[in-house]
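Only one chain comes next, encoded as structure tokens, the form predicted alone.
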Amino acid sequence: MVTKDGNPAVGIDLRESEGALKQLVARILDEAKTVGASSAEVSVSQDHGLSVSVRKGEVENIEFNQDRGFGITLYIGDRKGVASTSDSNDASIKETVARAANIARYTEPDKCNGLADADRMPQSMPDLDLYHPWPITPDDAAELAKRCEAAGLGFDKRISNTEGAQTSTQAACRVYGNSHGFVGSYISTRHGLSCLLIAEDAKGMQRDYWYTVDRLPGRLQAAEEVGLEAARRTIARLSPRKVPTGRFPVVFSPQMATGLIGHLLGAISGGALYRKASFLLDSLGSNVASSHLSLSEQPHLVQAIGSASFDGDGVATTDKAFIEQGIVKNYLLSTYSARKLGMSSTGNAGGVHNLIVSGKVCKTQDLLGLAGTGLYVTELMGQGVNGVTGDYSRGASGFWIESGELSFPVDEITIAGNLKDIYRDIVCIGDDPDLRSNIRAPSILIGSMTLAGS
């Protein structure tokens, strides 16, 4: 579909495609029966969108995307075959189904293979209101990005350069069906605006960014606000100082706390557990974190970034607690990993859906006051996280905390510890959760970590 000027349309209504994709999934499942599959499942995705990037007031890139893909999984007894295609014509579907069947005949049987139980499929589909298309033109998208960048560049004369600003809009339709007779779907949108700037003074250059993202275009931050926040963050990083080596309190900003919580989720995920690749093996019912920390999932929040009615196995999603006052209440399990562990799926094939971080909450300023003297982390570098032992060592930058206040920027620091100790040493969490991610993490204060500075 194209617009009158010959450009791909970004205002395609996926509600018109949803029914056709469901019919196509049913057709593929019928084809699977003809090649001898004992069961089958099909995942279909259709995406379209627009991304416009500008730099120094000039348009750099205009990208349209319009993609469709089919993932077909066939089971012949306990044997599994997987194949994919982007072509929906009859010949291609037949060929892909046959290829999946041939793969299944030559794979090793695994008693944990197979569909989720039929009674785990959703009995009804809540309206999560995730679809809010934004029929913005490339010209208008470019104008937004230009306004965003211009606001940042004009904030301070020390803003010396820019890596640009970007406006994006994406829409997606997901359909999943299996031979239990379940076919489910949802359509969603995701819109964003971002800006990355460079500042310079006598002590060198620094860079930072800001962005806004939402299901609804009308809830995005104003373009000028995004640019100004990117500029403020960039200027604040100029002239970093050195700090002493030692043990100090560490505050993870909301953006960095998301990763810290992600490591904990990874440690209680089924894949890591059945492979014995986690520092939290056999932790169900055990205390693994401070009593000030709880993690729960709310997958049916209306219009939220991480909402979903079913997981990648077609299992209905439900509210649940993973960590409750420091104690592991549930692992994150797909159908396969649950069977490997002799347990039941938690509806988390593909990850979590709107993870809520809760516990002992302090206002952000009070949290800094509790830290007293220490480090406020705004950026982490490197991959120094060992999921098997829990050892944690990463490069960091941010701001030094003195007398409970952010005092001056710092960089070239290494923060280290063991995640087992770090999670137990959570003192409190902030009142500033970042809602732009599937993990809604606030600032988190760790009582003490090793800092390698000057």
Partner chain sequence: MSNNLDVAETQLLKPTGLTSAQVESLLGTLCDRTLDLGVLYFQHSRAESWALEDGIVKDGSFSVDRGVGVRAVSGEKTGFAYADDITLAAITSAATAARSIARQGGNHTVQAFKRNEAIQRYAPADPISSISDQTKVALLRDIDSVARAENPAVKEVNVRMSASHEVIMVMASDGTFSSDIRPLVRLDVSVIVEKDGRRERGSSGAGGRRDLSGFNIEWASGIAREAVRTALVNLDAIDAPAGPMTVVLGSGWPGVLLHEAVGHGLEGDNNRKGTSSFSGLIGQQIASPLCTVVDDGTLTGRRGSLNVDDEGTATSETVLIENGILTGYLQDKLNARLMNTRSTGNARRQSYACLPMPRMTNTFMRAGQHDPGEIISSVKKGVYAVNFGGGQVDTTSGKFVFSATEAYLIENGRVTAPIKGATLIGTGPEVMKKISMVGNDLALDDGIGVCGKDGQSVPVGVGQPTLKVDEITLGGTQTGH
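Positions refer to the first chain, counted from 1. It should be emphasised that the depicted structure is a prediction, and the values quoted were computed from it without experimental measurement.
The same protein also has a form predicted together with the partner chain, omitted here; what follows describes it.
Self-check item: Contact label in the predicted bound form: G285 to the partner chain, heavy atom within 4.5 Å
Solution: No, G285 stays farther than 4.5 Å from the partner chain in the predicted bound form.
Practice problem: Mark R215 yes when one of its heavy atoms lies within 4.5 Å of a heavy atom of the partner chain in the predicted bound form, and no otherwise. | Solution: Output for R215 is no: heavy atoms all beyond 4.5 Å of the partner chain.
Quiz item: Using 4.5 Å between non-hydrogen atoms, is S403 touching the partner chain in the predicted bound form?
Solution: Because no heavy atom of S403 falls inside 4.5 Å of the partner chain in the predicted bound form, the answer is no.
Exercise. Spell out, yes or no, whether the shortest heavy atom distance between F408 and the partner chain in the predicted bound form is within 4.5 Å.
Key: The answer is no: F408 has no heavy atom within 4.5 Å of the partner chain.
Practice problem: Let me know the one among R219, R207, H180, K329 whose heavy atoms come within 4.5 Å of the partner chain in the predicted bound form, would you? | Solution: Answer to the contact question: R207.
Practice problem: Could you spot which one of Y336, Y186, F155, F322 gets a heavy atom to within 4.5 Å of the partner chain in the predicted bound form? | Solution: For this set of options, the contacting one is Y336.
Quiz item: Does each of E143, H292 and I439 have at least one heavy atom within 4.5 Å of the partner chain in the predicted bound form?
Solution: Answer is no for this spot.
Quiz prompt | Option from 159-167, 345-353, 305-313, 224-232 whose residues, in the predicted bound form, bring a heavy atom within 4.5 Å of the partner chain | solution = Correct option: 159-167.
Quiz item: Taking the partner chain in the predicted bound form, which residues along 390-406 bring a heavy atom to within 4.5 Å of it?
Solution: Heavy-atom contacts to the partner chain in the predicted bound form: D391, S393, R394, G395, A396.
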